[in-house]
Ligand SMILES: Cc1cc2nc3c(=O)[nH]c(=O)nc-3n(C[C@H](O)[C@H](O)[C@H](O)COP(=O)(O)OP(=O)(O)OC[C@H]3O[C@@H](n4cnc5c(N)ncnc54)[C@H](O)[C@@H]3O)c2cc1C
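Coming up is one lone chain in structure tokens, specifically the form predicted alone.
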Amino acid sequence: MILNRRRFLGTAAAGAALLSSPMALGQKRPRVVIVGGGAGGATAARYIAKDSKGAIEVILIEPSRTYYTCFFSNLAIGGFQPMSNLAHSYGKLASEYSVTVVHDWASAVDREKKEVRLAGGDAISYDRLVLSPGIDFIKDSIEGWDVTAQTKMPHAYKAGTQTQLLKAQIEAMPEGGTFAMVAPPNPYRCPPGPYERISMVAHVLKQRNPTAKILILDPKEKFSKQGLFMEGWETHYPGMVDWLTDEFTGGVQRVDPNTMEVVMEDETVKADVVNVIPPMQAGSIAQQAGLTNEKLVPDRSGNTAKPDG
């Protein structure tokens, strides 16, 4: 079934009516708990609270007090949007829609007890549960890189401080320097995203550092909207962007954040900025709750393994 916005809102309204029916759940006001305050979770919280007109208690669990949208974050890197335009607080959900916002990490879901356990030690019961945790990176999928390396080789695929760090690194590149992106394999969030970013990096470098080079080290043989992107790069940034697939390089074998090197089968690239976008999977809380399938996911070497969790 294709789920568009109208169908989703209609389904949500029907669910709200069922949940708020005294026949369905006695006289108790039912509770919907939503884990994850990104675009998906916050939107669900808003419309469930709004459409039920207070008949449903809505609790949103989100550790961050400010949410930075990933969409438009590439425009912030390119200088077309200030970071402040990406930042959103949760005050309106609480003040206008009476959503209870709990700033804590959801550490586990007990589906039998219908409880979400929090890192702080509390547990919140629910009648219905919505999990919208976003993505996690697949552990150990790129040798030499983990979350402790993100201050040197940022991913910037979760917006906020990572976006600001990558932007600062690009602007500080030496004249004629090299920007290297380690692109993710399929499947990953926002298929055009890495290549939109390359376009914004090229825009900045053309103005500030026109002799710089951009390397895309890509495990994929093709990518979303490839023809449009490559035509745009050749038109606006001729000779600056090189897209290199595993067939050409032999694939990324490992990275070294201390030396800023990317080691491939056939050569080693030393760059001034390395943007590592690792392989992705569903957020760990979804896996812990048993809501992900057993689909095998590729690592950087083309091997497959079950998702962590």
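Numbers follow the displayed sequence, beginning with 1. None of these values were measured; they are calculated from a predicted model.
Keep in mind the form predicted together with the named molecule is missing from the figure; the text below concerns it.
In the predicted bound form, the named molecule lies within 4.5 Å of some heavy atom of Pro63. Looking at Pro184, you'd find every heavy atom of it more than 4.5 angstroms from the named molecule in the predicted bound form. Of the heavy atoms in Gly54, none are within 4.5 Å of the named molecule in the predicted bound form. Interface membership of Tyr47, defined by any non-hydrogen atom within 4.5 Å of the named molecule in the predicted bound form, is ruled out. Residues with any non-hydrogen atom within 4.5 angstroms of the named molecule in the predicted bound form fall in just one of 267 to 275, 249 to 257, 236 to 244, 32 to 40: 32 to 40.
Taken together, the three residues Gly78, Lys167 and Ile198 all stay farther than 4.5 Å from the named molecule in the predicted bound form, as judged by their closest heavy atom.
The contact with the named molecule in the predicted bound form, taken as any heavy atom within 4.5 Å, belongs to Cys190 out of Leu228, Cys190, Ala172, Ala87.
This chain is displayed alone, yet in the predicted bound form one of Ala106, Ile142, Val99, Leu217 has a heavy atom within 4.5 Å of the named molecule; that residue is Ala106.
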